[in-house]
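Quick setup: one chain, the form predicted on its own, written in structure tokens, and binding and motion questions come after.
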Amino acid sequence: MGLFDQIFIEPLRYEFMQRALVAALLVGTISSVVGCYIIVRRLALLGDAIAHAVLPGVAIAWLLGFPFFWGAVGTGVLTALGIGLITRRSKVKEDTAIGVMFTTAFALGVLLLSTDAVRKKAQGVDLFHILFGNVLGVSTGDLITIAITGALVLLTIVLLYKELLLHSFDPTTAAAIGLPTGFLHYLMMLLLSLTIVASLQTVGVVLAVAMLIIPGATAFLLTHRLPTMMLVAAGIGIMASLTGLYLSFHVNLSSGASIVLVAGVLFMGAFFLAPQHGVLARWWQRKHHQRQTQMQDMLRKIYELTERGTEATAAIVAQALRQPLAHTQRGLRALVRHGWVQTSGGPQEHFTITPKGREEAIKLIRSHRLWEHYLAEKTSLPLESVHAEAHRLEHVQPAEMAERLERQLGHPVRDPHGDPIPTPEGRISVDPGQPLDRWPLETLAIITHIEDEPEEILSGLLARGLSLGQSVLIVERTEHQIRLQISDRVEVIPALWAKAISVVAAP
């Protein structure tokens, strides 16, 4: 006999294993599908409450001598109604009401199961399995009950799929168009109770909530659409149930705990490896975004240096961006590979921007300055802070957002600092001003531009009342400071700050 036959085929020679296999498939499917609604509605704690609340129903059913199925369903529904009643009729919040109800119900169940009367009625049944499950002990009658329950739950979901979908994602709209939201809520609680009862024999009360939540949560990491989420969750539930079942058989472990453990392992796999929402994928996306941002910043700095007539060597770019030289050199090589810049080579290597790179740099500058204009005009953000926020937005917003911003702002031609905003065709006007530190004494000037970097200089200039369109007159200049006449007052600023201001002659 081969290894495959020994592991997978040999166990199926036993009837109890055949029944267990069918039960595991049914419960894995039902729990996973219903669990998707629990996940999207953020009702995991409510599912936990109902799972624990069915325990006293099981005990009461045995005590009265009728099938535990009905007792479990009854107490599950009563718990859901009780949580709603407490929430509506008192100032206690829903999460608190859930905590009160499920702990009280679970304590009552444990108390009842420990009484001699229930033990005698149970007629030798191991009540431990009600808590933790024993799929290998599923009888034909249990299997029929699980099948009928599962068919009823799945049929209800199929028939009311659109209504339950809308109620799950947007209950306000569902109520507005006339859907019976109260009925749908308690119907979902009934379906949840039925699903938990179907899970009792396989994973038990304590672990039933795990099979409701874990497959759905795993699928939630892998897809964005509810129908797909349900299919993926069902597949995960089936896989966990079968793997846990065989593990339980071969290693002689608790069947319910084995099934849930496998489901947990699958969740952790998705948590780390999911293509879009996994830890590794998000880490890679962040690293890619950081590299892209650094390359774009480097490209724009080369463009600015070139426009000022300065050679863009690796050392100069590194100094301008305040970053290590080795890091800058790697970034410049990446820009060359992208075709955005070209290098002269040789010992005095310098970099020049290509037409393709200039087009990309102009797009970045246009997006940045439009965002600065938007933030200054439409938000309460201080002017000295708009540059940093615009720098973040220019790298994360799609290019078409610039056109929408421009239309919304009325096609501005300059940003809040006086810099010209490039046109959609890539044309950019030349700033006609000259630095204030070189402006002649006693000659009235108009401020046309204030550099937005470094932020501390911009903050200092704004604090002294200097702004675009402001009339200024240099009354005294020394090596270290400049005395300015601004309207009816005099301000003294460092000479370094004056380099950040551009002015033109007053008309």
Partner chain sequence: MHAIEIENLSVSYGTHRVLRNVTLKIEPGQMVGVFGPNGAGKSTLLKAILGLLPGDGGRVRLFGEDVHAMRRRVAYVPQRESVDWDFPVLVEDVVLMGRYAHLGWLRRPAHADRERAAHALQQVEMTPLAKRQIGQLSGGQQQRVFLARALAQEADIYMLDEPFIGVDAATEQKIFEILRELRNLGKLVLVVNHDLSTARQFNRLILLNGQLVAYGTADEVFKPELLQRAYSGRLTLLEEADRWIVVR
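Residue numbers count along the first chain shown, from 1. Note that the structure is a prediction, hence the values are computed from the model and not measured.
Note that the form predicted together with the partner chain isn't included here; everything after this is about it.
Note on contacts: among Ala334, Leu364, Leu165, Ala257, the single residue with a heavy atom within 4.5 Å of the partner chain in the model of the complex is Leu165.
Interface residue among Thr310, Gln408, Gln285, Thr173 relative to the partner chain in the model of the complex, by the heavy atom within 4.5 Å criterion: Thr173. You can rule out all but one of 104-112, 77-85, 221-229, 349-357: in the model of the complex, only 221-229 has residues with a heavy atom within 4.5 Å of the partner chain. For the chain shown alone, Tyr161 is a contact residue for the partner chain in the model of the complex, at least one non-hydrogen atom being within 4.5 angstroms.
Though the partner is left out of this view, Ile474 does not reach within 4.5 Å of the partner chain in the model of the complex, counting heavy atoms only. Contact between Pro180 and the partner chain in the model of the complex is found at the 4.5 Å heavy atom cutoff. Although the partner is absent here, Met239 lies well away from the partner chain in the model of the complex, with no heavy atom inside 4.5 Å.
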